[in-house]
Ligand code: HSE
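The chain below stands alone and is given in structure tokens; this is the form predicted on its own.
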């Protein structure tokens, strides 16, 4: 591969992230060029609507509506896929890789759905695929796993991977406000999308957890293979109950691997964390990832997990690595698919092997014997009650019954909730939260 005097970049997508990359790349250009020993130029930009008003003014000659032409352009060395979605984004990514280019992407859904195909294509045609911006925004968690912690196996990775949910939960706790009103405020401030489902139902975090699980363990785990639960049923009362028990509530992605049995579990759900935990005190739109390695122990990464500047920072970091590879031949270990961890017989843990303690909130009829009936169902499934909190319900004829359990497992807990919900004295669907005693 000849060394280019000018590294030409194609941007496919020029929304919030694309404009942030343009802005900050211009600001860092001289320093990057000095470090790399080559020029850097944004050669072409693919947009859906060239007439759309944008905060950034672009030379008309660089704009196109044909993203595939950018991906195939022989003058372009690095293609930044910043469009979102998984259809055209997949075509653009594969086209660029088939031409032996380096692709930089922030698209977690694309990687989760098509990662195996993308990396196989890169390997087959000599291309490279970099994706630091796809998980946790400006936190360099992917480089930490692939480079700094390469000597480790990872029995546990967990953290806050969705800033929208973390903002909503923080505001609910601090303002003692219901979910719906905080969500409306988050939309007004731009922290939540108009269609918030991908975030608040846990799917965005699940896409990111899939990527981390693959990086750490070499296994593609699809969201449908995970426990995925969102935050929509959490109420201010849950924060008060959690505080009485010494906990806060966060939406966590949790990736655990039993190194003895070689079983892996990946899950996303609201979790009670001890109030003294560092992750429990990460608030607002910030993300946090705790990584436990068998050699290094536990390391913790905290920073902005989304937004124009944080994501652009991660994209430009990958652009710099890609440029170093083109100019100096350095950094190929960052992108070579064959260096990623092999599956090594790792398999998904069945529900009965996924264990923790649980928090259960029930709305029940305010009458004698209800607790005894609930306890009987739990005992039938071999679940032991650790504590009970009973408070008045919103209705004079109802009460709120909160139970925490000793350690059990997902299969037993799901069967218990199914049977508890059938009791005539239980009103509505039980609310289940996991308790995260991670001891970090």
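All of these numbers come straight from a predicted model, not from anything done at the bench. Positions refer to the first chain, counted from 1.
Just so it is clear, the following notes concern the form predicted together with the ligand, a form of the same protein that is not shown.
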Exactly one stretch in 246-254, 318-326, 303-311, 94-102 has heavy atoms within 4.5 Å of the ligand in the model of the complex; which is it?
303-311
Answer with yes or no whether residue 192 is in contact with the ligand in the model of the complex, where contact means some heavy atom within 4.5 Å.
yes
Hey, in the model of the complex, does residue 80 get a heavy atom within 4.5 angstroms of the ligand?
no
Taking any heavy atom pair closer than or equal to 4.5 Å as contact, tell me whether residue 238 reaches the ligand in the model of the complex.
no
If we define contact as a non-hydrogen atom of the residue within 4.5 angstroms of the partner, is residue 128 a contact of the ligand in the model of the complex?
no
Taking 209, 229 and 267 as the candidate spot, are all three within 4.5 angstroms of the ligand in the model of the complex by heavy atoms?
no
If we test each of 293, 163, 115, 223 for a heavy atom within 4.5 Å of the ligand in the model of the complex, the one that passes is 163
What residues of 98-137, in sequence order, lie within 4.5 Å of the ligand in the model of the complex by heavy atom?
108
